[in-house]
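We begin with a single chain expressed as C-alpha cells, specifically the form predicted on its own.
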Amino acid sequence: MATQVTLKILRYDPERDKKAHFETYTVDADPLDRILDVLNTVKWYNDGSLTYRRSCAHGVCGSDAMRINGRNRLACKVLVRDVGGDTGKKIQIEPMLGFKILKDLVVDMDPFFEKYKSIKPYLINYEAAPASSERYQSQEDREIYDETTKCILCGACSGSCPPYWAGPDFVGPAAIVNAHRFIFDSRDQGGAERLNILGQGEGVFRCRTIYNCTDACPRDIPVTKAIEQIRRAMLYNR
C-alpha cells in the first residue's frame, strides 16, 4: 500500500551553487519500491533537474551507488522499507564520500578507474596459447579467487574507506579486489608485477582493516579478507 515517503537529497549544481545543500521531497511510494524507483518519481514528477546515474536497475552495472542513510549502497537494491521510509523516517541520500561531486548524486569516477587500470586487471600469460584455445583450470583453483570475480566496480567499497577519503593516491579496495582476482588465478603469470605495484606506499599497506569496505559491498565480497590474503602473499614471496 502506498505511503508518503520523505527524501532528503544532497543537491549541487556547479553552474549555480557555491556549495552543496540539502533539499527535501515528499512523494508517494510503496514499501517494496526501491530507492531508485523513488528517485525516479522525484525526477519525473517533482524536479527534472535532479541528477543521478542509473542503468540496469538490477544490481549488475553498479552505476547507482550512493550514500543512503549514511551507508554506501545501490539504490536499485535498497527497498523503502529497508531504510524505514514506510514508517515515516526521512531517507537521506548523498553522493559517495572520497569522490569529487560533479552534480547532485553524480561523482567523478575517472580517478577510480585509473587506479583500477593501474593494477593490470587482465590475464597476463607469456606462454603461447594452447592449441585448444583455452587455458584450463580446476574447480579447486577457481574457488580460490571466485569471490573477487563478482566485483561490479560500483565504487561503494572505496567510497566507504577512510584511507581512501584521506589519501587521494591510495589505490583503494576496489582496485585491490580486482588485483586479487588475477594474482590468485593459476593461469596468470603477472602476479609478481601486481604484488610489486600493491607493495608501494599507496598500496595494500595503506589499508587500516576497518571493514567498512566489506560492509558496503553490494555483492557480499569479503574485501578485507582479500586484502589480507594479498598482504600474506607479499610476505611469503619476499
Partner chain sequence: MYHKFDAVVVGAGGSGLMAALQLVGKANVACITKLYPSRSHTGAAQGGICAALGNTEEDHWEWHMFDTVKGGDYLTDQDAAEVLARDAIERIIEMEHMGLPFNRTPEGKIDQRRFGGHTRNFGEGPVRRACFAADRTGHMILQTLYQQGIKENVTFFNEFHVLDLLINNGRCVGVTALEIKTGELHTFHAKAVIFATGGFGRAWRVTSNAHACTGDGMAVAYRAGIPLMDMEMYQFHPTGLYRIGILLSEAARGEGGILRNANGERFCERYAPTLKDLAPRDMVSRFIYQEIKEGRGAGPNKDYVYLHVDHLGKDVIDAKLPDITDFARTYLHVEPYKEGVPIQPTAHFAMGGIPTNINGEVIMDEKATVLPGCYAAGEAACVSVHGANRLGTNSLVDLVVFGKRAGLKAVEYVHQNDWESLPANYETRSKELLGFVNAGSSDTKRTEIAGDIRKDLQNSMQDNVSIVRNETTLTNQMTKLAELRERYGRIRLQDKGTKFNTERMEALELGCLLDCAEAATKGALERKESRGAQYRDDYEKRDDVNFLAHTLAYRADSGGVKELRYKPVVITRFEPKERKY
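Numbering follows the first chain given and starts at 1. Given the structure is predicted, the values throughout are model-derived calculations rather than measurements.
This next part talks about the form predicted together with its partner chain, which is not shown.
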Any non-hydrogen atom of S63 within 4.5 angstroms of its partner chain in the predicted bound form: yes
Indicate whether D82 is a 4.5 Å heavy atom neighbour of its partner chain in the predicted bound form. yes
Any non-hydrogen atom of V106 within 4.5 angstroms of its partner chain in the predicted bound form: yes
Would you please decide whether Y211 lies within 4.5 angstroms of its partner chain in the predicted bound form, comparing each non-hydrogen atom pair? no
From V27, I197, L36, I68: within 4.5 Å of its partner chain in the predicted bound form by heavy atoms is L36
Name the stretch: of 189-197, 203-211, 165-173, 55-63, exactly one has residues whose heavy atoms fall within 4.5 Å of its partner chain in the predicted bound form. 55-63
Of the residues spanning 142-160, the ones with some heavy atom within 4.5 Å of its partner chain in the predicted bound form are R142, Y145, D146, T149, K150, C151, I152, L153, C154
